[in-house]
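Given next, in structure tokens, is a single chain: the form predicted alone.
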Amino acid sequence: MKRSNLNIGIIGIGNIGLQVLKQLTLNSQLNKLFSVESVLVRDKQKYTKIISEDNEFKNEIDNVLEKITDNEDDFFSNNNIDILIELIGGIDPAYRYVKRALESKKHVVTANKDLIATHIEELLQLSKDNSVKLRFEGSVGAGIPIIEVLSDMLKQNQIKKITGIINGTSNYILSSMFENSSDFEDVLKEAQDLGFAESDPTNDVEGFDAKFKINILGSIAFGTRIPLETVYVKGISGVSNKDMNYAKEFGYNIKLLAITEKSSEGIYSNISPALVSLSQPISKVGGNYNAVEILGDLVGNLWIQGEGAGKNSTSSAVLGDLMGIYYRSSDDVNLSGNKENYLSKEEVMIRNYIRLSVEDKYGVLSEISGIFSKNEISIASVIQKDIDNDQDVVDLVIMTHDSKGVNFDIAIDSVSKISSVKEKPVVIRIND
């Protein structure tokens, strides 16, 4: 039986919202399934001007403009809207809009990672209570259908671990540093000039964007909302060209990895730079691409890669969610509500790379080794690098075996207080 068109209400027409509006208005195949009913914006005059000056809308300009409103009550009182698409980002007022839509028995599609990570449990329950769908594929991997793949895997697999590069900006920066021996600040400016990084890049380079994304994936994989405060986060701004070159000598690349895993002891989630062996596929993911590896108990490792940012790839995810609702083909995300034990960095076993700037004199390495030994940390390898200066200072680069996080923190704090150690130690975990 042929289904009737579903009417769409869009909130926000920035880069992604405008692209979605164009596709729903101008794509003849999508026109057969969906009709844009209303578009809510913050400033009607501003967005009327933007649309009027966009040549792609020239044959539909009057039709589109009559649907633009900046009146929230008018928008939500439109009973013809079947699906709300929220594309303004952030938590407020997006949370209020999405909650209002679900309570009004409207399906919701969003690409808002902040909102979903913060309120996933409540919003999923609201969607179930009101017999509507909440879809958010675009919130994690943009064009990568990672949530769809994960949901499908869960039908027959227990997920053990997810490892991913899920921030395109940080991956572009680290890839350029590795390939061109560039400095962090130089590559960041280049990324900003190319539009890969925001003028304020904090969310990307300090790991907060990836934190929201891995939180969503972990919550889905393990069937329980993972508290955001349990996710350890460390960004890439402290990664230097020197560390990248030393990593190469050991046969590693450095990537900002997002990891969430479940063991018999609990769930541990981590965002931080990591040394990744050049033999691992994830070490070769370059540019602004994203990649996710999912470990299931039956399927083993499943690998998915693609563009993780940009208006086209995110729009593709949003439109895919719409199609899933129209054809009733996408699975619901289910959270059990079970309480889990959430592990801190101090409770897990981690292998580390350490770079120390120390005085070039007898006994320094012995003193450092003694501290590590006292704290049950075994050194796997160490190299000494002369620095081209007149201060008799050298770099010691140490690779450890696995050690308990709390032991390592105590040891590195003690090492940093040695008078012969001239700079704060640089620590990067190793992903084997």
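Computed from a predicted model, the values in this text were never measured in an experiment. Residue numbers here begin at 1 and follow the sequence given.
From this point on, the text means the form predicted together with a small molecule, which you will not see here.
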Practice task
State yes or no: in the predicted bound form, is some non-hydrogen atom of K113 no more than 4.5 angstroms from a non-hydrogen atom of the small molecule?
Solution key: yes
Handout entry: V41: touches the small molecule in the predicted bound form, heavy atom cutoff 4.5 angstroms
Key = yes
Practice task
Using the partner position in the predicted bound form, report whether G89 sits within 4.5 Å of the small molecule, counting heavy atoms only.
Solution key: yes
Problem - Partner contact for N15 in the predicted bound form: the small molecule, 4.5 angstroms, heavy atom - result: yes
Problem - Triplet P145, G223 and G320 all within 4.5 Å of the small molecule in the predicted bound form via a heavy atom - result: no
Handout entry: Residue among G238, G296, G266, G310 with a heavy atom within 4.5 Å of the small molecule in the predicted bound form
Key = G310
Practice task
Note which of Y252, Y353, F184, Y97 lies within 4.5 Å of the small molecule in the predicted bound form, where distance is taken over heavy atoms; exactly one does.
Solution key: Y97
Problem - Stretch from 274 to 282, 104 to 112, 258 to 266, 321 to 329 whose residues place a heavy atom within 4.5 Å of the small molecule in the predicted bound form - result: 104 to 112
